[in-house]
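Only one chain comes next, encoded as structure tokens, the form predicted on its own.
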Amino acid sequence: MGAVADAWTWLTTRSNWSGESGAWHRLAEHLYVSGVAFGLACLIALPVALWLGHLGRGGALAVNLSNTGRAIPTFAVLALLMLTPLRTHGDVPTVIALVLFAVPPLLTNAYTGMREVDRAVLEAARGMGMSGRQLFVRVELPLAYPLIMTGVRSAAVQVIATATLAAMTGGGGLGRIITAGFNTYDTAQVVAGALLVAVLALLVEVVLVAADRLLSPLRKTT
């Protein structure tokens, strides 16, 4: 428990939260990079997955191709990007690596959710005269929503946790607190940085669960 107590002392020391290397600044960097990467991943993966799921064609190939990227460690992608001219463009390599990491769960869950909608329900909706657009908006999306949101929550938490790797290539974020602790053999700072990342990931999960329950289209029917 000594390391945890020392980490708590580090976290409750005001000087560790101020300045460019302080926890508040690192937290802002972490949220910015994670938010941009997650937003881009959603813009890329969700429209593609929902459209292919609606059409019922090409989705399996897209899912398999995106899942192939899971075999490549995010740090390896980040390290390779740092060997390109992108290394001079600030957080761009980190954002690209995180986007590639977040796309597979978003794409897989959204596509699977669309394809698992009961075919009998779809046929009944068509029999009622619904157009393809109405079918997509009123039937498929509401029924696929729970699985889509599962992918969204999973991707968001993974991005928050993985963004710490940016510090290994000189990027910002909470990972810098951890690497600085390693460099100075400060175990308390390492544990404190890890706790901050864990708490942030948990908070993001809680916020998304609350948003899921609030926005769920199925909630309006109960």
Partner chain sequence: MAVRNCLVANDWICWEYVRSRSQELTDATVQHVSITAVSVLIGLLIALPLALLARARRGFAGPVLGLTTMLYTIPSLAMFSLLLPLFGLSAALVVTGLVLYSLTILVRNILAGLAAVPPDAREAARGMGYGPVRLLWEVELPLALPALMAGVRIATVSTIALTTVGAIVGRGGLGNLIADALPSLFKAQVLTASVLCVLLAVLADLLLLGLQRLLTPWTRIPARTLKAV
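Since the structure is predicted, the reported quantities are computational estimates derived from the model, not experimental observations. Positions refer to the first chain, counted from 1.
Another form exists, predicted together with the partner chain; not displayed. Remarks below refer to it.
Heavy atom within 4.5 Å of the partner chain in the predicted bound form - the one residue of C42, A62, V190, A156 that qualifies: It is V190.
Looking at L122, M130, L80, L86, which is the one with a non-hydrogen atom within 4.5 Å of the partner chain in the predicted bound form? Exactly one residue meets the criterion: L80.
So in the predicted bound form, does A161 come within 4.5 Å of the partner chain, heavy atom to heavy atom? Taking the distances in the predicted bound form, the answer for A161 is yes, it comes within 4.5 Å of the partner chain.
4.5 Å heavy atom contact, G175 and the partner chain in the predicted bound form: Close contact exists here: in the predicted bound form, G175 approaches the partner chain to within 4.5 Å, heavy atoms only.
In the predicted bound form, V209 touching the partner chain (heavy atom, 4.5 Å): V209 lies outside the contact set for the partner chain.
Considering non-hydrogen atoms and a 4.5 Å limit, does the partner chain approach A201 in the predicted bound form? Flag for A201 set to yes.
The partner chain in the predicted bound form reached by all of A3, P73 and F182, non-hydrogen atom within 4.5 Å: Yes, all three are in contact.
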